[in-house]
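Taking the form predicted on its own, here's one chain by itself in structure tokens.
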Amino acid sequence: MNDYLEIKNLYFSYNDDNQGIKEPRKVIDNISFNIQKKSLLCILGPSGCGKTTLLKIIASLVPPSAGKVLFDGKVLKNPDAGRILIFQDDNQLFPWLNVIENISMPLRLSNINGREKIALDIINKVHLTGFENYYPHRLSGGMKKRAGIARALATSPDLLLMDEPFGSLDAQTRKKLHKLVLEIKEKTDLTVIFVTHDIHEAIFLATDIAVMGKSGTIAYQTKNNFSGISDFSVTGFSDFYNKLYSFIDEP
């Protein structure tokens, strides 16, 4: 199977102005990895290690300082509808639009016909049927996330980039949304990169896991044999969890 997304020798530095002297601050340091179509790669790592910056580069929202991103064999340089980035906060929904209007917005901007039918089908997939006419202020945190995911899926993207999307939610709601992500992935050709600092979340969701170290490198990458499992009593689970933790907790 061919690699679908290729990250090659990626570097990124910010220019910090320290008392008038600009010095580059390295955030990503020679990152390379490949993932295959329909994979769900979870990227783990401590705060400030460059996880969000990496997603922004893959989405072409910021250019790399060096290196390149290839998607289906093509070098990516500009944003497009095939790559959608979902951030953590709930403010991505337009408060003056109801659920179906929010989900239909990217379809309208892309001048796609049959918008209502497409939107209703996606609403059903994310289990929001009956809430089509609700405005964001009437939705729970979990329902807002469902609506946000639905809007991201409206134009049938190839790659969904999720930056700690469930970090602000309670444990029960997160579990429901984890199952939703796996359900959507199972029914579509979607490839997902999911950033999190939660090891349990990564193990439950991922087909592949990468750990970013504090130095902005990929410290460890592996296939995940425990997808859908969050039980320490399963043979090997505890050892796998501890191994991932050891890379995140590096000095």
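One rule holds for the numbers: they count along the sequence shown, beginning at 1. Everything numeric here is computed off the predicted structure, so don't read it as measured data.
Although it is not shown, the form predicted together with a small molecule is what the next lines describe.
Of the candidate stretches 184 to 192, 50 to 58, 203 to 211, 217 to 225, only 50 to 58 contains residues with a heavy atom within 4.5 Å of the small molecule in the predicted complex.
In summary, among the residues D158, E164, D80, E101, the only one with a non-hydrogen atom within 4.5 Å of the small molecule in the predicted complex is E164. Distance criterion of 4.5 Å from any heavy atom to the small molecule in the predicted complex singles out V27 from the list I31, V27, I199, I35. Residue contact check for Q92: none of its heavy atoms lie within 4.5 Å of the small molecule in the predicted complex.
Remark: G67 does not count among the residues lining the small molecule in the predicted complex, judged by a heavy atom distance of 4.5 Å or less.
Of the heavy atoms in T173, none are within 4.5 Å of the small molecule in the predicted complex. Although the partner is absent here, F232 is not a contact residue: none of its heavy atoms lies within 4.5 angstroms of the small molecule in the predicted complex.
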